[in-house]
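Take a look at this one chain, the form predicted on its own, written out in structure tokens.
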Amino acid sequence: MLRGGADVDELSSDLRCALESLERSQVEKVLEAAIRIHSPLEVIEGLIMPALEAVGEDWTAGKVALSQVYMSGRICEDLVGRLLPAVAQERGSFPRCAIAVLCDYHLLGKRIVLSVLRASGFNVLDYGRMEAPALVARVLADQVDILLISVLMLPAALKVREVRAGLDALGSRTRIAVGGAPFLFDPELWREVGADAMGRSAADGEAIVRRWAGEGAP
């Protein structure tokens, strides 16, 4: 996480303005300045993700259009690939894992967690964006042990209930870990929607998977 200070506040403000204006070149300049003084993961989790969450809040408040939310996410997805670590050699024996964005259009959070896990050698299926019924069917078909779900908006977070209910109804013991802005705003929301854990960052997501892997597949 980035430490507070005038430089961080200025970078955060500049990035948010550039994203809402959809000025890709300006976004690049801000990130280039940030990466000179912070690590890639610090920039991603402490600067990019909060900026995107702020854009999402502005959409909820009616200050920006949905197209701005979508395009700002796409800009960051394209640029963040330069910051993410390379894929490491996969581990041999490991519970089957998958990650998805649920009923949402922001894929950056998922991409960050996926990259961190793969860089650590974990083989994770990438489901992209899915609706709840299709996600349940896919998890069952692939016999997934650990499912990571990323969301940006509250309506999507609430859909985790549907995934949990669908899996339980069919006797699945898949563990669900969730992450995203709604779960940061309401620390108890993950329990309310039936998840087994909540991560505040990509590092948390990796720690959860490591812990569950150590305990064995469900």
Partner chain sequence: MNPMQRVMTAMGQAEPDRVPLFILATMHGARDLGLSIKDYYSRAEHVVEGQLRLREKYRSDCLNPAFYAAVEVEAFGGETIFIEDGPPNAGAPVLRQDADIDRVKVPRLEDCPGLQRGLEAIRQLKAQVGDDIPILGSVISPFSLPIMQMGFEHYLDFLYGQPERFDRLMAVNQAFCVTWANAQLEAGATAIGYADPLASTTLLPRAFYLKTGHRVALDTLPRIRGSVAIHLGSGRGLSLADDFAATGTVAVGVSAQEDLGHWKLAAGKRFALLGNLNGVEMRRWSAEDAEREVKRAIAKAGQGGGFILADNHGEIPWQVPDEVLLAIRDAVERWGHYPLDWKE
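Positions refer to the first chain, counted from 1. What you see is a predicted model, and the numbers here were worked out from it, not measured in a lab. What we label the rigid core is the largest C-alpha set whose atoms superpose within 1.5 Å from one form to the other.
Another form exists, predicted in complex with its partner chain; not displayed. Remarks below refer to it.
- The candidate stretches are 65-73, 39-47, 25-33, 167-175, and the one lying within 4.5 Å of its partner chain in the predicted bound form by heavy atoms is 65-73.
- A single residue from the set Leu108, Leu83, Val124, Val116 has any heavy atom within 4.5 angstroms of its partner chain in the predicted bound form; that residue is Leu108.
- At the 4.5 Å threshold, heavy atoms of Glu57 stay clear of its partner chain in the predicted bound form, well away from it.
- Residues of 176-210 that come within 4.5 Å of its partner chain in the predicted bound form, judged by any heavy atom, are Pro182, Leu184, Phe185, Asp186, Pro187, Glu188, Leu189, Glu192 in sequence order.
- After superposing the rigid core, the C-alpha of Leu22 moves by 2 Å or more between this form and the one not shown.
- After superposition on the rigid core, the Cα of Asp126 moves by less than 2 Å between this form and the one not shown.
- Put the two forms on the same core and the Cα of Val136 is off by less than 2 Å between this form and the one not shown.
- Whereas the displayed form keeps them at a certain spacing, the CA atoms of Glu77 and Pro133 lie at least 3 angstroms farther apart in the predicted bound form.
- Compared with the form shown, the Thr60-Arg129 C-alpha separation increases in the predicted bound form, the change being 3 Å or greater.
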